[in-house]
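Quick heads-up: it's one chain on its own, the form predicted on its own, in structure tokens.
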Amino acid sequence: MQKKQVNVIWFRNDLRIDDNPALAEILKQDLPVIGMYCFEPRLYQNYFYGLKKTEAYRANFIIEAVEDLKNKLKSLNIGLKISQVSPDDALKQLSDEFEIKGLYFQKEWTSEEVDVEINIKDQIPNTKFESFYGQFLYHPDDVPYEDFNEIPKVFTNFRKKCQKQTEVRSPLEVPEPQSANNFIDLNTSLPTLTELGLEEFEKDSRSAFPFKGGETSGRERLDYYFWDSEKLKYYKKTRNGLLGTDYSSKFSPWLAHGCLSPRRIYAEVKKFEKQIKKNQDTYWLIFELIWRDYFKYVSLKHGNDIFKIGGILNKDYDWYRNKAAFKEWSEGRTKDDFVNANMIELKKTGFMSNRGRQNVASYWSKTLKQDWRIGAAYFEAMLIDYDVHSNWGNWMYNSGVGNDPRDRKFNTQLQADRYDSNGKYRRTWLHDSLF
């Protein structure tokens, strides 16, 4: 019996139907479309020091996001295969049942993700592969550089040139559904945290990020932050806050997993500026989106150097690798109360403010002089909003091996005096007897 011909869209960190180039393109084709998402075993295996590569906070967010994606795709008459095997094995299983003519997916370029693609091509050799840059504000085809080797060493140069010479493309609207006759019910279910080898947890009431994963909740947050509360008007003034849900946009987890696209956020900022107010605060949110882009271009330029001990500067520092120091730092038991409060927040919630991240990273790499990659790996395991480019780029930046021309070291106690002058943040996360 002849197999049914299909195209498959493989979802990675693009868990949305809005402004999704791969989805828009696959639905222009004539064949029925199947969606696929894999909870890849490698991402839930032991990483280092007894940690998983993905711990429970991010895994829970992903489960919620994939559930939302499944419902969104159903509105487009697309079934979603959810698998707990590697993508190459999942596609091999699909190819036993269907003739896969084309595989559409978001383009990635870091080594582990590229290896996965190579394995897939070995499994389904007669399939057309179509990949798309879907995670950028400034599309790689539009930036004012002949090739990625020209990406500047300093962010400001990149930002100014792109803002002057590059237009942000309009976001793609949600595509029209495929014919209901093409719907293929794959009847697959979501894994639990336990099935992924992780512990169930209750969300901490103190968390600055109590939100659900998924495109639906991401759009609700965007609507709230921009339109319902108009908090965007004060973004730059409040963004260095430490407590509560509204000191910053909190878009980063939805951006990291592709539940929101940066172009959609940018378009909404521009709409807000026309209809409500345009000021430094509205600009600053765009400024942060450009920073996010910049780290992606840094990794496109430097490849695996972003994971090497010398970083992209190839610096030859003497780093320590002390397990006792890591235990104290990760558990919030150092000599520094501000660092401790931030690290306990991360341990209890999977989230930490931008101000906190810079301080704890500087303390780990500059004060304790510990191998910065251990800190980056811990963030990779714990953060809900882990993004390979931003995480490793920021850690290099804060550790003196990346894109900071000033090679700063944070004075964490001065930072605490400035950003937590009344001690409320530290009291929230530390026992009162410490004060």
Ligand SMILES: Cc1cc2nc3c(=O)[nH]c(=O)nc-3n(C[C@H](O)[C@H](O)[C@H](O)COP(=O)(O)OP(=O)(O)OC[C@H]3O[C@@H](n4cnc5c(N)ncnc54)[C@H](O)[C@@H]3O)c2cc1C
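If you're wondering where the values come from, they're calculated on a predicted model, not measured in any experiment. Counting begins at 1, following the sequence as shown.
FYI, the form predicted together with this ligand isn't displayed, but the following is about it.
- Looking at 350-358, 274-282, 94-102, 297-305, the stretch with residues near this ligand in the model of the complex, meaning non-hydrogen atoms within 4.5 angstroms, turns out to be 350-358.
- This ligand is not drawn, but in the model of the complex it has no heavy atom within 4.5 Å of M382.
- In the model of the complex, N398 approaches this ligand with a heavy atom inside 4.5 Å.
- The closest heavy atom approach of S330 to this ligand in the model of the complex falls outside 4.5 Å.
- Although the partner is absent here, Y386 is a contact residue: one of its heavy atoms lies within 4.5 angstroms of this ligand in the model of the complex.
- Checked against this ligand in the model of the complex, the residues R159, K231, K250, R264 give one hit for a heavy atom within 4.5 Å, which is K250.
- Exactly one listed residue, out of F211, F136, Y145, W291, brings a non-hydrogen atom to within 4.5 Å of this ligand in the model of the complex: W291.
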